[in-house]
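Before any questions on binding or motion, here is one chain by itself as structure tokens, the form predicted on its own.
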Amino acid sequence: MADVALRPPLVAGHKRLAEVTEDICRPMERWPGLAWWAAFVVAFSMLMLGVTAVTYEIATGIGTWGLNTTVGWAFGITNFVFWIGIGHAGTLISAILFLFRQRWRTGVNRAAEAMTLFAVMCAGIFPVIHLGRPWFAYWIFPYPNFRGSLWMNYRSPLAWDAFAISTYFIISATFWYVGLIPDLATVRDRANPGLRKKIFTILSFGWDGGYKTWNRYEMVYLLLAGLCTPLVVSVHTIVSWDFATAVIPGWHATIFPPYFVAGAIFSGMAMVLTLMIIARKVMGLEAYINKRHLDVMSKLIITTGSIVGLAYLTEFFTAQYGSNRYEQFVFLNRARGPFAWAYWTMVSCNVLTPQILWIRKIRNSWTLVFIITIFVNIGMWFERFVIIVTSLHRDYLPASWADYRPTSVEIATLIGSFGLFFTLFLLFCRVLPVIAIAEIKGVLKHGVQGEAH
């Protein structure tokens, strides 16, 4: 008999069950290190800058933004679509890959689910402040009221966004919380008597780890995964309709729904990798987030990035071989007009940069993959910017053409949204298990040395 490796292990270091619990719970039970505090100070400072900018904008008015008669949508909606896209990878990794029984997801699904919630929170801010009078934001929900015949306009994309965001957030939060319950019980059992133990006792819903409890839990988790799966397609499809149902050249295209969904998964997967590479080092989780995860997720980035590149070519092809000269002008203007720099930044980051990941040595390098994911997210932000601004700043009448330049308030608001996202994620890493303890134990022996005759 000889020892042979059946497949690359999902958990490195030949961990025992008790070591898994200890490793994942340790960051929650000890004082955070210098790296965590440095990251938190930077993220919280960015958040405070954004809070200041939004407060000033609400007190002063939308005039603090660089919008004009022609470009009525810009940074605010760009940020909204960007953050909604970021939130898609969590549902993909957790729900769809769970249904397909992809075991490698267990190392990253918990953080990806949390990332989804935080990204949706960031996205929900922008339609509200874009209203100009955010204190009336509750008007977009259809509830019995005393305002007579004044009801929401169901033909408005703003109403569609409200339904999409709220539905996606509620289902994703439920799926995330149900998956947390066994781990909350583990933390409860480890906690010393006091407030922390009481909190986790309440949150774990009396979990006892019995056979009947696990059987019901797995059934509910499977049903929620099936319920979450259509949301990956439906939510960003609704966001794409914000544009596709308009008659503006560059927006009025049937390719937008699949194009937006592929782009959302592309950017979300890149952000998951960015966060997990950071969390792996800061939280000491090298054994649970290893090169197997790096390789598989890099391949997913190559796949979705290639789909996005095909969508770019398809848009140009249909515009140039169509009969609509306005559509032709929009795409030529994107590539050669005043915002050509933004367009080619988008193409370089989203189409060319991911192709480097075909090289295995690069896929296995934590530093290089981290840099590539940063470029991907930069490119995906510019994609939304290009779609929105370049389709608006050149109208049907040359007399109404106007350029757009973001103001310091808009830039500070964007920085603040990243600050909110990273602040919430860092707090999540401190107070809850960033890796699913129960699920990772289920794949502990996956890929270990086996015996062959």
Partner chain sequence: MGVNAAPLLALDHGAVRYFRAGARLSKTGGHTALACTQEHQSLTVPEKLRPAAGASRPIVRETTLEAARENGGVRSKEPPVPELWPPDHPFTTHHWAMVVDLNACNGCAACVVACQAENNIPVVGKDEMRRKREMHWMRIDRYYSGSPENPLVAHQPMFCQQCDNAPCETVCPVLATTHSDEGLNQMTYNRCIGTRYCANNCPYKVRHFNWFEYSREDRLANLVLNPDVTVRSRGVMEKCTFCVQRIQDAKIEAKRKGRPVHDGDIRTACQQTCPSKAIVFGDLNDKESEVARLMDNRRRYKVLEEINVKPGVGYLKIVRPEVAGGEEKENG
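Positions refer to the first chain, counted from 1. All values reported here derive from a predicted model rather than from experimental measurement.
There is another form of the same protein, the form predicted together with the partner chain; it is not shown, and what comes next is about it.
Query raised in the report: 381, 343, 118, 251: which sits within 4.5 Å of the partner chain in the model of the complex by any heavy atom?
Result: The option sitting close enough to the partner is 251.
Query - Within 4.5 Å of the partner chain in the model of the complex, all of 245, 328 and 394 (non-hydrogen atom) - result: Contact check passed for all of 245, 328 and 394.
Report task. Give a yes/no on whether residue 291 approaches the partner chain to within 4.5 Å in the model of the complex, heavy atoms considered. Result -> Outside the cut-off, so no.
Query - Distance check, residue 140 to the partner chain in the model of the complex, heavy atom within 4.5 Å - result: Looking in the model of the complex, residue contacts with the partner chain include residue 140, since a heavy atom lies within 4.5 Å.
Report task. May I ask you to state whether residue 411 is within 4.5 Å of the partner chain in the model of the complex, using heavy atom distances? Result -> No, residue 411 stays farther than 4.5 Å from the partner chain in the model of the complex.
Query - Contact of residue 370 with the partner chain in the model of the complex (heavy atom, 4.5 Å) - result: Outside the cut-off, so no.
Requested in this report: With the partner chain left out here, work out from 267-275, 344-352, 89-97, 132-140 which stretch has heavy atoms within 4.5 Å of it in the model of the complex.
Outcome: Looking at the other structure, the answer is 132-140.
Query raised in the report: Taking the partner chain in the model of the complex, which residues along 54-83 bring a heavy atom to within 4.5 Å of it?
Result: Counting only heavy atoms within 4.5 Å of the partner chain in the model of the complex, the contacting residues of 54-83 are 57, 58, 59, 60, 61, 62, 63, 64, 65, 66, 67, 68, 69, 70, 71, 72, 73.
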